[in-house]
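Quick setup: one chain, the form predicted alone, written in structure tokens, and binding and motion questions come after.
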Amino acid sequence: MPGEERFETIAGCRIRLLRGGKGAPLLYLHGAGGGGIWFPFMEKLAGHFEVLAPEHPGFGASETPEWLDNVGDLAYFYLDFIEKLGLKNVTLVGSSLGGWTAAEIAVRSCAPLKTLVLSCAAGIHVKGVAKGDLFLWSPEQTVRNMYFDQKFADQILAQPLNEEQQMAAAKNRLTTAKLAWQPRLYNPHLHKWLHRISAPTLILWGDSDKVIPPAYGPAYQALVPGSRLEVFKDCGHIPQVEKMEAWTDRIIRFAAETGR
């Protein structure tokens, strides 16, 4: 069953939230493409967790607050979100831009976290390893560069966006540019503080990621104490779609094996 849609106001910003399942809380933070959809991987996770999937401030049906200037602002917003909703022992899962946000949350406070999962996360820079440039690719290039198996891209491209979806996509691109235009897709100071992450951390990556290349997985692992890295073969930037069964299984098992 799809997650229940509701709206929450945090720090003066009204956001859309999808919520479903039972169990310990899992907070999923989406990437630059946006949220607002109850994806099949969320339904799979909802069999083991209570899944909370908000749309970030500035994205989709959520408001764009005046205070939103950088990913650090999103991190503080979500710490307030966790506190207001009374969430404890949270499994925090972030993908791409959401992974960057999750890392920024964890360097500020791991108190509410049980485990942390960074999936193809932006946020750091590896010298000599260029990221894909979301701001220069055409819409079709962006979709195709997200996947190793082009059948997934073909399925998306075969379904043109309606006017409402086009408006949401434009809003998402604008906010992504505000947060990640310069420097491109990273915070030059984040790497200095990743040692502060004390929550058990799982890092997941696709071996053919064209957005955040696979070299960034070991780089994150080296910076987050005790973290575990797993790489999916023949997989691009969206393993939660392209390798859904394996991706969700790793998270479920990791949360069951670890925690505090």
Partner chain sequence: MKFFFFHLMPYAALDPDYDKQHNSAWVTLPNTYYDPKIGHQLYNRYLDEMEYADELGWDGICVNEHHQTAYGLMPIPGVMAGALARRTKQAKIAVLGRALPLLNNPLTVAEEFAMLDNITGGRLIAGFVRGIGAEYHAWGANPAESHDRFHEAHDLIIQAWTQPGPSKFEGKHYHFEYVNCWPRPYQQPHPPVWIPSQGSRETIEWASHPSRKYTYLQTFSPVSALARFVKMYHEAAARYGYQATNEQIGWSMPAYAAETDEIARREAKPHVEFFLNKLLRMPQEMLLPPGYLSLASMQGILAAKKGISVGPRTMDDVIEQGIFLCGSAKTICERLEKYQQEIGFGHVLPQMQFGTMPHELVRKNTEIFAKEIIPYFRAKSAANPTADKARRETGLVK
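Here the structure is a predicted model, which is why all the values come from computation and not from measurement. Residue numbers count along the first chain shown, from 1.
The same protein also exists as the form predicted together with the partner chain; that form is not shown, yet it is the one meant from here on.
Chemist: State yes only if every one of 135, 170 and 173 has a non-hydrogen atom within 4.5 Å of the partner chain in the predicted bound form; otherwise state no.
Modeler: The answer is yes; 135, 170 and 173 each reach the partner chain.
Chemist: Decide whether residue 139 counts as a contact residue for the partner chain in the predicted bound form under a heavy atom distance cut-off of 4.5 Å.
Modeler: Within the cut-off, so yes.
Chemist: Quick one: is residue 155 in contact with the partner chain in the predicted bound form, heavy atoms, 4.5 Å cut-off?
Modeler: No, residue 155 is distant from the partner.
Chemist: Please check if residue 177 has a heavy atom lying within 4.5 Å of any heavy atom of the partner chain in the predicted bound form.
Modeler: Answer yes; at least one heavy atom of residue 177 falls within 4.5 Å of the partner chain in the predicted bound form.
Chemist: Evaluate residue 159 for contact with the partner chain in the predicted bound form, applying a 4.5 angstroms cut-off between non-hydrogen atoms, and reply yes or no.
Modeler: Output for residue 159 is no: heavy atoms all beyond 4.5 Å of the partner chain.
Chemist: Tell me which stretch of 181-189, 94-102, 81-89, 109-117 has a heavy atom within 4.5 angstroms of the partner chain in the predicted bound form.
Modeler: Among the candidates, contact is made by 181-189.
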